[in-house]
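There is one chain below, alone, in structure tokens, taken in the form predicted on its own.
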């Protein structure tokens, strides 16, 4: 991860009126990006992984304190085995090659999702990365790997039952505290690249009042400029959380 002032074109932007505390990204379109270039899907996934090196410095530059990325869903196990092995290999190589640099740049790595079903060596590397970076404060990076929003809620309910919490004491705060994002604010802005307009089982509890931004840009082409466009759109929205805008006096 490069330092923010050493990024890309160095283009200056107009200041944003407000910055979301938590941005989540559904990194979609790797396969279509590759197909458009006459490449195989593997090339697209590799390009998507490499693109994180461009986006993370931009996230820091714009002052976003929490970023959640959707890397591998619980449904992705249904893809061809060769593609699954590739995706597992990419996350393992990313942990091997990027953890130390992310640590030096003050990034705290958190895994959200299930570890069951993942190869033990990957689980061990996830735990090592989390432990190494746990005190970093420049950016919290949640990596949703082997993650599904419904599975997360199921796991939260199971944990609540296992703790013996009486039903009458269970409320939204109880469930929220037992999610893998417990202790963090819900995402203010969810960005989806690739043009599709759906959540795809991503943060379905936490996204209740998130702003949604969809761009046709495929993830490997999503860069600093594209992130700024998303933040600019967010800054222009009025968030009411189900309430009416106060009447002017």
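Numbering follows the first chain given and starts at 1. Fair warning: this is a prediction, and the values are worked out from it, not measured in the lab.
What follows is about the form predicted in complex with a small molecule, which we do not show.
**Q** Answer yes if any heavy atom of residue 30 is within 4.5 Å of a heavy atom of the small molecule in the predicted bound form; otherwise answer no.
**A** Within the cut-off, so yes.
**Q** Taking 4.5 angstroms as the cut-off for heavy atoms, does residue 83 touch the small molecule in the predicted bound form?
**A** Although the small molecule is absent here, residue 83 would touch it in the predicted bound form, with heavy atoms inside 4.5 Å.
**Q** Indicate whether residue 41 is a 4.5 Å heavy atom neighbour of the small molecule in the predicted bound form.
**A** Yes, contact at 4.5 Å.
**Q** Would residue 200 count as a contact of the small molecule in the predicted bound form, using a 4.5 angstroms cut-off between non-hydrogen atoms?
**A** Yes - in the predicted bound form, heavy atoms of residue 200 and the small molecule come within 4.5 Å of each other.
**Q** Of these, 99, 115, 76, 136, which has a heavy atom no more than 4.5 Å from the small molecule in the predicted bound form?
**A** The residue from 99, 115, 76, 136 that makes the contact is 76.
**Q** May I ask you to choose, among 95, 71, 109, 179, the residue with a heavy atom within 4.5 Å of the small molecule in the predicted bound form?
**A** Here the answer is residue option 71.
**Q** Does each of 54, 143 and 224 have at least one heavy atom within 4.5 Å of the small molecule in the predicted bound form?
**A** No.
**Q** Have a look at 54-62, 192-200, 205-213, 179-187 and name the one stretch with heavy atoms inside 4.5 Å of the small molecule in the predicted bound form.
**A** In the other structure, the partner sits against 192-200.
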